[in-house]
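To begin, one chain is listed below as structure tokens, in the form predicted on its own.
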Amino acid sequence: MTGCIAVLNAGSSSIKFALYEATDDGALLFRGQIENVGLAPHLKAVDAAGAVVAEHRWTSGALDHHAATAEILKVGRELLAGRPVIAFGHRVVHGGTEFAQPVLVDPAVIEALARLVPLAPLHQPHNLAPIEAIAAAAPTMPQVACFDTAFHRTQPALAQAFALPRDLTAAGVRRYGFHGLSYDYIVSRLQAIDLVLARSRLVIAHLGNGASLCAIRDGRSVANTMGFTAVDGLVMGTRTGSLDPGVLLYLMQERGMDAKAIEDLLYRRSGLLGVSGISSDMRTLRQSKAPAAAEAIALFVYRIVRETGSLAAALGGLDGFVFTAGIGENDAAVRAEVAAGCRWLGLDLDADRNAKGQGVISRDGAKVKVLVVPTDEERMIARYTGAVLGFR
């Protein structure tokens, strides 16, 4: 009987899950998610062919992340029908300066990761919830934590530094960068489909509810738009992106806002939602005729274009650009608008290819090769989990 690796990728209001064979090829068995945790939870799972194999809805928000994890484990046991899970892999957003590679979880690791909650308040507590729930239910079950920050530890010291006193830098106040599991997966895919491009100067755009860009040279992170926390950089669904720190001083001194109120503003009430006043969902904004919706989209695109120029400077030029994640993979209009703003860099899309949204979408002979490559953080986590535990 072959064992399986289970992967949990917990967000602020959802938990994605996947089950893979613990073999060299790591074949996918099932995947799914439970969304709207705390509101009106909806669990759905599909098999490797995409057929729905489990679905359940709750009419109330009684499920927190611990309870949602329990429901996922229950569904997983039913789907596996006696096949054993031999390890769990988890996405953890922040690894700080201590964790530069995936690690086997023990109580000391959980304690260390809990200390990083202030650096990723929207994610870290929810990343830890399934780890804690499984540790309580099955203390001997191996669990591996895989970090979004680890991929960026290859960046030059200058790219990680703020212009702050050295004692603060030594204490860990520096640029970390996030979405590393996604970038790592995209690099691995490029190595399989276009090795020359994978070794060149790339910008990868992870555009979803959370959004960032990463400059990559020869498969290694050089610079990233996110910094000390995952609120920095691009406009996101509900997060501000880059913001003059003087704005925070103004909000405290003139508006009387405390740290909790500012955190709520930066992480939950800004971004596409704040600018539009309508929604954090790009699909909803595209369908809206309200001027504020168009303004929110325009600001989202403008920041991507502007930061792409910055990352191209860090790379000393640009050979390739990759769109990935929910918006990047599915919104042809955003891709076209970004490419139009970056035409001076050499981005030139083929309209028909862009409409299809698969593989190479740039024109033949374009200076910069532009691709759409679906990301798969769960598969990357499964690979790391198997490697840490010696299954692969």
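In case it trips you up, residue 1 is the first one in the sequence shown, and so on. Keep in mind that this is a model prediction, so the values were computed, not measured.
Same protein, other form: the form predicted together with a small molecule, not shown, and the subject of what follows.
Student: Can A339 be called a contact residue for the small molecule in the predicted bound form at 4.5 Å between heavy atoms?
Tutor: Outside the cut-off, so no.
Student: With a 4.5 Å heavy atom cut-off, would you call K16 a contact of the small molecule in the predicted bound form?
Tutor: K16 belongs to the contact set for the small molecule.
Student: Could you confirm whether S362 comes within 4.5 Å of the small molecule in the predicted bound form, counting heavy atoms only?
Tutor: Looking in the predicted bound form, residue contacts with the small molecule do not include S362, since no heavy atom lies within 4.5 Å.
Student: E71 near the small molecule in the predicted bound form, any heavy atom under 4.5 Å?
Tutor: Output for E71 is no: heavy atoms all beyond 4.5 Å of the small molecule.
Student: Among 162 to 170, 282 to 290, 101 to 109, 240 to 248, mark the stretch whose residues have heavy atoms within 4.5 Å of the small molecule in the predicted bound form.
Tutor: Result for this chain: 282 to 290.
Student: Would you kindly say which of T229, N209, S200, Q124 lies with a heavy atom within 4.5 Å of the small molecule in the predicted bound form?
Tutor: After the contact test, the surviving option is N209.
Student: Just one of G346, G357, G326, G26 has a heavy atom within 4.5 Å of the small molecule in the predicted bound form. Which one?
Tutor: None of the others qualify; the residue that does is G326.
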